[in-house]
Structures are given as C-alpha cells and as structure tokens.
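Here we start with a single chain on its own, the form predicted on its own, put down as structure tokens.
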C-alpha cells in the first residue's frame, strides 16, 4: 500500500461532495477518481474537486490499478451490488451507511471481505468524531456513574417528491435505514452492548416504507434506549444519557461538536470538540490507518457491530411489515 492513499468514489451526490471536500483535512490522501452513471455529473464533480480521473461507469473505476480504496456514496439499494463489485476487484471499501439494506446482504459481503482479506468498513462517521470519542471515554470513566437510559431522536422534514431516496421504496427509503441507524448505533456505542430485546411502532407511507417511528431497546443490566426517527417532521437531533450521578445532553448527536454534563450536585460542564469541514475526514483517517497497517477491518468499529445494527433494523422492519426488493 502506498503512503499516499488514492481514493476512488462511486456516486456523485451530496454526501460524496461532502466526503471528498473533507479529504483536504486528511494527510497523505488525494481524490484520484470518480465514477457516475451520469457522464455530465461525473465530469462536473471531477472538475470541482480536482479528481485525476473520471469514469462513466463503476466497472472501469474499480479496475483502475491506481485506486487504493473506494468510497461508495450511492443509494442504499445499490450498496451491496457496488461493494461486491469492489471486493471482486480486490478493492478496499468504505461504504456509506447502512452498509446494506439487510443483514443477509451484509453477512455475504463480510464473509467475502474476510475470505479475501480485503478491508471493509461502514462509513458511520459519528463513531470517529472527536466529541463522540471523548464522550465514550467520559461514560467509561463514570462521569455520570452507570448509564441507565438513552433517549435520542433524528427527525427531518423532506418533501414527498417522486423518486426521493427518502420515500422511494426501491431505493431502500424510510426513516429507519436513513436516520434511525444513527440512533441505534449511538445507543450501542454508549452502552458498549447490543440490545437483547427490541420493539417499536411505525407510521408507514403508501409505498410501505416507514415515515416515522419509535423503537425501544433493552440491553443487559437493565439499560434502556428510547429512540425515534422521521422523514416528515423535524426533531431536535439530541441525545440524552441518564445515569446515577446526572445526565449528559449531546447536541446534534450524529455529528456532535459539544455536549454538556449535568451532575445531580448542580455542577455543569460543557465539552467542546470542534472540527473543520463537515466531519467526514475522521472516518477516512481511520480507513487509511487500517490500510497502512494492513488491517482488514477497524478495531474501533468492527464489522460485527455493523451487522448487529442491521439485525436490529431487520427485526423492526419485519414487525412493521416493511419489505424492500433487496430482501428478496
């Protein structure tokens, strides 16, 4: 592996633009190649972000021997297919969340990556942000004693436009897979556990995707999480962690720059961990660190944790009757 990592990007949408913009904050990395099925979009993207190569199909990019790792920024329904394409070409992958629409797809990719000894990681940027890392340490150090309850919400309002990835069933739409995975991951990060019992309720759209939902997770030792997500109304995007000695409020928990500790003694402390750009550079740094150390998965965010979250979302979707074409 070269000391300078050359990134290839599949898909040229909004999330891809933010990711490549943040590569400027990653040492020893360059945007080398981009690929889009829309030739004009790909050309404009490459020009704007100074990519060395632009391809009008994904196959040609993954065959480029100069590409060290591929960032996949396509819609959910294509993640399995696109990641498989990369793994078949022996290309390491950082794939946008969710890694796949369901756990079965994810397990197949994980098995292939491990068999071929190729790096694979879900791009769950929240886990790698400085504030999140500091928060996890504070929780571990017992700043509020034993954490008992987490409440987290992620609601946004998106118009019901035909073909929207937030509403179009064939694209893997719905609040749970797009936003709810953040709340579930956050809860798992803080408790450092996987839920042992899951339940929830959802309001479905006329396409049969979840417009908004609430779900409850029970962990070992009596720890609980109350979570929600929505694509049709806005919520504060806060997480609240309650413990024996007080509580912690995490602002914009899915990309936090600060949080406040409120102790039962009346003491308040705000932790600030600002960063440049959008914050996607930290997941890229972790991927590059793994590549340069010849690791096939991240010890910070191993593939098993990705798989467990998808098993949780699979359970909830089955309970709600939400089924996607990928499930077949």
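Everything numeric here is computed off the predicted structure, so don't read it as measured data. Residue numbers count along the first chain shown, from 1.
Below, we refer to the form predicted in complex with a small molecule, which is not included among the displayed structures.
Chemist: What I'd like checked is whether 37, 74 and 171 together line the small molecule in the model of the complex, meaning each has a non-hydrogen atom within 4.5 Å of it.
Modeler: Yes.
Chemist: Go through 136 to 144, 103 to 111, 178 to 186, 206 to 214 and give me the stretch that gets within 4.5 Å of the small molecule in the model of the complex, heavy atoms only.
Modeler: Heavy atoms within 4.5 Å of the small molecule in the model of the complex occur in 178 to 186.
Chemist: Just give me the single entry in 167, 78, 219, 242 that has a non-hydrogen atom within 4.5 angstroms of the small molecule in the model of the complex.
Modeler: For this set of options, the contacting one is 78.
Chemist: Quick check on this chain: which one of 258, 223, 127, 97 has a heavy atom within 4.5 Å of the small molecule in the model of the complex?
Modeler: Residue within 4.5 Å of the partner: 97.
Chemist: Using heavy atoms and a 4.5 Å limit, would one call residue 307 a contact residue for the small molecule in the model of the complex?
Modeler: Residue 307: no, not in contact with the small molecule in the model of the complex.
Chemist: Applying a 4.5 Å heavy atom distance criterion, does residue 53 contact the small molecule in the model of the complex?
Modeler: Residue-level check for residue 53: no, no contact with the small molecule.
Chemist: Since only the chain is shown here, I'm wondering whether residue 295 would be in contact with the small molecule in the model of the complex (any heavy atom pair within 4.5 Å).
Modeler: Close contact is absent here: in the model of the complex, residue 295 is far from the small molecule, nothing within 4.5 Å, heavy atoms only.
Chemist: Counting only non-hydrogen atoms and a 4.5 angstroms cut-off, does residue 43 reach the small molecule in the model of the complex?
Modeler: No - in the model of the complex, heavy atoms of residue 43 and the small molecule never come within 4.5 Å of each other.
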